[in-house]
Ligand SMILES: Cc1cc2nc3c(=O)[nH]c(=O)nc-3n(C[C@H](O)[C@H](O)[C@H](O)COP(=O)(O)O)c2cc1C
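Take a look at this one chain, the form predicted alone, written out in structure tokens.
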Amino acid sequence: MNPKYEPLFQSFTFPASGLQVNNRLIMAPMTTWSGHLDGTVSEAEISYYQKRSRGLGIVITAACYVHPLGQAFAGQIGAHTDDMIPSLRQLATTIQSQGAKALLQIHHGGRMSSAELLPGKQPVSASAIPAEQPGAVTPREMTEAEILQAIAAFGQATRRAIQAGFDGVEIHGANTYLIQQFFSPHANRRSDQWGGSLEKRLNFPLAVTDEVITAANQAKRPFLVGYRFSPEEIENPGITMADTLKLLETLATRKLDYLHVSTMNFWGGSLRDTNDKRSRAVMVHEQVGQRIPIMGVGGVHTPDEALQMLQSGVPLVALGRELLMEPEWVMKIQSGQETQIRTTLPKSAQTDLLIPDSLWQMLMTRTGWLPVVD
């Protein structure tokens, strides 16, 4: 291996759980659309994860719904009942068999859930405000009892992850889903303890976090808890960077192991102010990175770009699209073959890459996400 890449392969110990990983490279959570109708993991997904886990420090699974009203899309895996534990155990064991730690990303879609897949056929959210996108369904405002049930569901999903043998969970507080909806002044127009002021909009994310940490503390082994968030929203009203820094200041007081900044480009600037070019992830690291580790993601294609991210001070590098195109990304760096890393997605490569059919169809039709070639 080229010695300059050695920082990517330094071990790391997470502060709250004490869990140690053997390098700084993580597979980011990516939707596969390939689970069974009942929420169990398919064999195609098992093969997909097995091919991509080798050499990584951590693999974070695709979003796994914690409640029947939280399923966001067809083919999503679930952690909403104990019946899911054997399927989840197979997924965790597959990842760990390749030497990586396995994290289950736990999730509730809220107003972004698919109405056709839900009991009652109507999504729920903090308020009866639809998303600003074509065809968005107006959700039903959650009752107090439903809010408490959703919080408890995240804790129960954590318990199931422990029983299934996962090494930790990542709370999905990003990408416009339910936790973000409660934090958002766009989605949350409530006037009770769960909304209104910024302080009250913090209550649901913090309650979920505390519930998950309480459940994680029941594990008889190191069990990691991370939190993923989106720094800003483009809507008005919408989440601002100042709002997010307030949330992160509070989360940094919890026994969390890391904060995962969900961005398409690690170095990208503000969604709300095109004149503000400062990296949102670097701003987060400067604000709270001395108290809680930051995980960056977005726009890392080459090992040199991964190294550049580490050199910003952020200690953990998540890879998404790169591992779709090149499952051997990490192994090729370690063997000194970084010049052979695949940087395009050939239309003939599905079988070789073990990409499930539903995910492959998305990759072939989603313009500009990956460089697809003939």
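Everything numeric here is computed off the predicted structure, so don't read it as measured data. Each residue number is its position in the shown sequence, starting from 1.
We do not show the form predicted together with the named molecule, though everything after this point is about it.
Colleague: Just to confirm the contact call: exactly one of 188-196, 171-179, 149-157, 112-120 touches the named molecule in the model of the complex at a 4.5 Å heavy atom cutoff, so which is it?
Modeller: So the stretch in question is 171-179.
Colleague: Please tell me which of Met264, Ala136, Ala145, Ala242 lies within 4.5 Å of the named molecule in the model of the complex, judged by heavy atoms.
Modeller: Selected option: Met264.
Colleague: Looking at Arg321, Lys332, Lys51, Arg342, which is the one with a non-hydrogen atom within 4.5 Å of the named molecule in the model of the complex?
Modeller: It is Arg321 that has a heavy atom within 4.5 Å of the partner.
Colleague: Using a 4.5 Å heavy atom cut-off, state whether Pro29 contacts the named molecule in the model of the complex.
Modeller: Result yes; Pro29 sits at the interface with the named molecule in the model of the complex.
Colleague: Does the named molecule come within 4.5 Å of any heavy atom of Gly298 in the model of the complex?
Modeller: Residue-level check for Gly298: yes, a contact with the named molecule.
Colleague: Could you confirm whether Trp369 comes within 4.5 Å of the named molecule in the model of the complex, counting heavy atoms only?
Modeller: Trp369: contacts the named molecule in the model of the complex.
Colleague: Can any non-hydrogen atom of Ile58 be found within 4.5 angstroms of the named molecule in the model of the complex?
Modeller: Looking in the model of the complex, residue contacts with the named molecule do not include Ile58, since no heavy atom lies within 4.5 Å.
Colleague: Counting only heavy atoms and a 4.5 Å cut-off, does the named molecule in the model of the complex sit next to every one of Thr93, Ile162 and Ala219?
Modeller: Looking in the model of the complex, the three residues Thr93, Ile162 and Ala219 all stay beyond 4.5 Å of the named molecule (heavy atoms).
Colleague: Just give me the residues of 225-240, first to last, that have a heavy atom within 4.5 Å of the named molecule in the model of the complex.
Modeller: Sequence-ordered list has one entry, Arg228.
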